[in-house]
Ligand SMILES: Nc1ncnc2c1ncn2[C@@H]1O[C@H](COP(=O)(O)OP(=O)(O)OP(=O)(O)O)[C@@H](O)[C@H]1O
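Shown here is one chain on its own, the form predicted alone, set out as structure tokens.
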């Protein structure tokens, strides 16, 4: 194994903390070498609200991953999500001094820097500046302007920002567990890396990652990221509804959701009886599966309708020919894709990560799409998620507000050292 091609990824979710170690296998395929999972603690709606508890959960997951792969994790890429995430598209224009010479890499870098300059409040920080396309002399868009001739070069970028406090808390939490943060990646982009096909990216698709407490959305149009958002509603709301309506403990509601739940209810479920733990003098009670699914259907439809409103607000609901791709732990609710197609009127499918080797039997579910995507993002570079096929660009992930020059071009180098 080449040590320099080995990376670690940390997904600090609302229900679990997952740490994956991977490298580049045969044929450039991602190979997962180690997995560490611990119950999440100290998080609320995708952000840290108790840094001590969150740090302990990260430490446990890191230790398990180290034991699994036989290496010590020194640094990692970290996923981020939460309702504080916002995004916008911005365009930049530069003049090419000499029309007689071809456009160079420096010209491309200058126009991307110009397109990445936006005014944001001091309590927000730029996370990503992702190229969307170029125009030479205002003509049709081109995938790469280098080598072409013209006196004017335009570029459009997709810029993702987050709350400074949330980013700092996440960074300090991971560093407190003894791991250096190499890069912070938006989780919806990481999920898209592991579940999308290239044809879907080109024709237009929305990745909907339904996690524990947030639903992350990433829209791809003509091969590039066009819109990202994070909605404060997800799987924990399904469990909460069951716990309140059925008057049962949270653990019992979660078990019922996973074992008997579905995003729809029909008459055939009326005869199926389910025993659940109850509060009060009775140790258990019996309800029909149809009643359980009716509760879940109402909340599932609400989540999907909120996704539809977000896509419509961004102007992409009628433009994504490939529809939506559902992933994340809560996307495994039976019948969710069918309900999505009925409610939104566009194609839908549930996707699990693919195209990797190693410990696939342990993590081959939609709940690990973000974790595997983080590893793939780090190993294969940002070109895969930020650029159309065939484009070769420098890294454009920022850790500070863009104000003149690139403050940092994150490099994913040696993340691990042998013990």
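As the structure is a computational prediction, the values presented were derived from the model and not from experiment. Residue numbers count along the first chain shown, from 1.
Keep in mind that the form predicted together with the ligand is missing from the display, and what follows is about it.
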Inset, instruction - May I ask whether 15, 258 and 328 each come within 4.5 Å of the ligand in the predicted bound form, counting any non-hydrogen atom? - result: yes
Legend entry - Contact residue in the predicted bound form, from 155, 127, 96, 333 (heavy atom within 4.5 Å of the ligand): 333
Inset, instruction - State the residue from 113, 294, 254, 175 whose non-hydrogen atoms include one within 4.5 Å of the ligand in the predicted bound form. - result: 254
Inset, instruction - Report the stretch among 338 to 346, 158 to 166, 231 to 239, 96 to 104 that approaches the ligand in the predicted bound form to within 4.5 Å, counting heavy atoms only. - result: 231 to 239
Legend entry - residue 300, heavy atom within 4.5 angstroms of the ligand in the predicted bound form: no
Inset, instruction - Using the partner position in the predicted bound form, report whether residue 214 sits within 4.5 Å of the ligand, counting heavy atoms only. - result: yes
